[in-house]
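Have a look below at one chain only, the form predicted alone, in structure tokens format.
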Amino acid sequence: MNQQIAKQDRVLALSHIGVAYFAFLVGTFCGLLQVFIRNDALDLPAWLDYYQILTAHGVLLALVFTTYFIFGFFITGMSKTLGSFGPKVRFVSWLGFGVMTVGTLLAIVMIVSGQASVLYTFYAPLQASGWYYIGLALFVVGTWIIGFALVGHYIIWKREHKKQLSPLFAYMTIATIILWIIACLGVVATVLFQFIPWAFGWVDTINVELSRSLFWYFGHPLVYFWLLPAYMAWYVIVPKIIGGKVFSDSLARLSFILFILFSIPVGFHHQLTEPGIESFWKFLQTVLTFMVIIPSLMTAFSLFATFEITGRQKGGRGLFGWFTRLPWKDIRFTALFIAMFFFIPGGAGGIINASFQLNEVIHNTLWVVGHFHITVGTPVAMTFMGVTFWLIPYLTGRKLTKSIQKLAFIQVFSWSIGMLLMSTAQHILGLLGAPRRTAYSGYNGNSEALKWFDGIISNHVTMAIGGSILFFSAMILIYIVFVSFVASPKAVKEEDFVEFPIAESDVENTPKFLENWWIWIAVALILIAIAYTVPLSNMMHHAPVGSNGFKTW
């Protein structure tokens, strides 16, 4: 029998998801404006700046939408697999939600008022209002509070179930929270000790190289904070939807451990073109960057093993007969499968970004923008969309109607087409040399540079068409979310209730040491110390003259 989680936990989860989709609505509108500005088809009013909407687009979608949705997903899954939250866990979670929301509102007010057009990476020496950085700090602190509440819920369960391995969903949630907390140490350090004192004028200058290094200490594992919840859906949700089991509980848990170890000490591969970091440390972190391919391939192997085993159990014959037995008419599966497919070119592009010589070619170009969209905007965002289709009806107790399912297919396919057009154009233009982080650059009318934009795919019109399709798709999704929240018929009969699909995972042969978190936290900290202690020490002890703040808008 399908069972909803406790009402108080449902309200908590829905509050997170509601904020996530409000941010998604505004953030995608900002994205639509950008593609038309770059196409010279739109002029903004004097009070609104391109870099304002670029900053809002990045912060609202990459930080606010993803983080609120992830915690809404975690709250639901933890309550489902470990039991209802106690009053203390619930109170602390609401406290975290409140702190995170105050921080979000403060940061957004600063962006809208034109005092924080410093883009998503807020690189120094660009200087925003000090209140913007305080907003970011509160946002991170809020996530930590919620994270600690979920860890507390997990500890209570472990005390009551001594010597038992936790359910796979809960295990993966804790692994992701550990990664998030360790990763945030870098951005917390630079915001508290560098940006806030500098922005309020308590110190005159900032060590730019140190601030960027601390940002990317956080910025790269941030990608895995987005990806791991998607992997959770692929590992735990998809097998249940297709009628199978988790291929290997041990392999799934080990892959998450490896993501913690190999995703954090690699930030320098975002700074390969910057001076001030010795080549050895860049090389070391590049090697560690490529190590993350191991758990990625383990995940791909596990998922396709699950697909093949389940497909053959359903009568699939021949080399690929099992493929046709997968439930392609179920949007819960199809959305997530397309998301996985997009991760193939996304991952391949990541290898290019992390390579010394190839990075020289694409570093400051639109290629990186295309890579970001085809990685975060598709595998991550589309997985979240696929989860949304059943998660909100599960939490609200409403039906997932046939009309909404048909609409969901249109939404997923239109998002795929729009992203394919826009990101392909960005990749090609990036290879040719078109810059990123600019409203537009035609290199002062240089005829050779303008030829870049003459191709059928490689032009700003293609980007604008792709962006428009994406916005159209986003509005369909907002409609689905709205209907799922308040307008779909209430489920009354048992068969009308939407389930939270959790696949069976056999823990009989899973080694207990995989859940000894102290071992893995210690190994992660040792790797971080090896990769960062000497270069960060050099940046502080041999610091160049610091920089004053600049406002270019």
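Residue numbers here begin at 1 and follow the sequence given. Just so you know, these numbers come straight off a predicted model, no measurement behind them.
Only in words, not in the display: the form predicted in complex with a small molecule, which the text now covers.
Could you confirm whether residue 171 comes within 4.5 Å of the small molecule in the predicted bound form, counting heavy atoms only? Contact check for residue 171: no, nothing within 4.5 Å of the small molecule in the predicted bound form.
4.5 angstroms heavy atom contact with the small molecule in the predicted bound form for residue 28: Because a heavy atom of residue 28 falls inside 4.5 Å of the small molecule in the predicted bound form, the answer is yes.
So, residue 61 and the small molecule: in the predicted bound form, are they within 4.5 Å at any heavy atom pair? Looking in the predicted bound form, residue contacts with the small molecule include residue 61, since a heavy atom lies within 4.5 Å.
Considering only heavy atoms, tell me if residue 237 and the small molecule come within 4.5 Å of each other in the predicted bound form. The answer is no: residue 237 has no heavy atom within 4.5 Å of the small molecule.
Given that the small molecule is left out here, which of 436, 212, 269, 325 has a heavy atom within 4.5 Å of it in the predicted bound form? By the 4.5 Å criterion, the partner-contacting residue is 436.
Contact residue in the predicted bound form, from 524, 514, 54, 498 (heavy atom within 4.5 Å of the small molecule): Spelling it out, the residue with a heavy atom inside the cut-off is 54.
Check for me whether the small molecule, as it appears in the predicted bound form, comes within 4.5 angstroms of all of 220, 223 and 287 - heavy atoms only. No.
Contact stretch among 478-486, 257-265, 112-120, 304-312 - heavy atom within 4.5 Å of the small molecule in the predicted bound form: Careful reading of the contacts points to 112-120.
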